[in-house]
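Given next, in structure tokens, is a single chain: the form predicted on its own.
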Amino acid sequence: MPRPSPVRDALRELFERPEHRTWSLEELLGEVHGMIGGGDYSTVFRAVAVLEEHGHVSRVDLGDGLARYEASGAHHEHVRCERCGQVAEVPGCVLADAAEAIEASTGFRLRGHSLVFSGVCPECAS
């Protein structure tokens, strides 16, 4: 890991919080500003790239064009609200059995998959 930086240290602190969450770069920039009073978009982008390169965070593509990141850990899927964009985790991997069946039927050795459910969150549904 390269030498410490205030922005990277703040990001690590965010990703190590007990509540697991998925962050956009804009949200991370806002949090870093609140924590250390500095940092710009390109600095946050580079710091996240370093954390991703070293396996501390993973990029999540939810199909809306925003780059999102979360702490690396056990694989899981996500659900995204079509109205407000709120994101929630789906605990565990709902496709584990399907992945085994796909390997058996195609001969492919799967290295990963991505699935995003879409719908309307409780707040938008009311």
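None of these values were measured; they are calculated from a predicted model. Residue indices: 1-based, along the sequence shown.
Although it is not shown, the form predicted together with another copy of the chain is what the next lines describe.
- Using a 4.5 Å cutoff between non-hydrogen atoms, Gly119 counts as a contact of another copy of the chain in the predicted complex.
- Ala67 falls outside the set of residues with a heavy atom inside 4.5 Å of another copy of the chain in the predicted complex.
- Residue contact with another copy of the chain in the predicted complex: Gln86 places a heavy atom within 4.5 Å of it.
- At the 4.5 Å threshold, heavy atoms of Gly112 reach another copy of the chain in the predicted complex.
- Contacts with another copy of the chain in the predicted complex, taken as any heavy atom within 4.5 Å, map within 41 to 61 to Asp61 alone.
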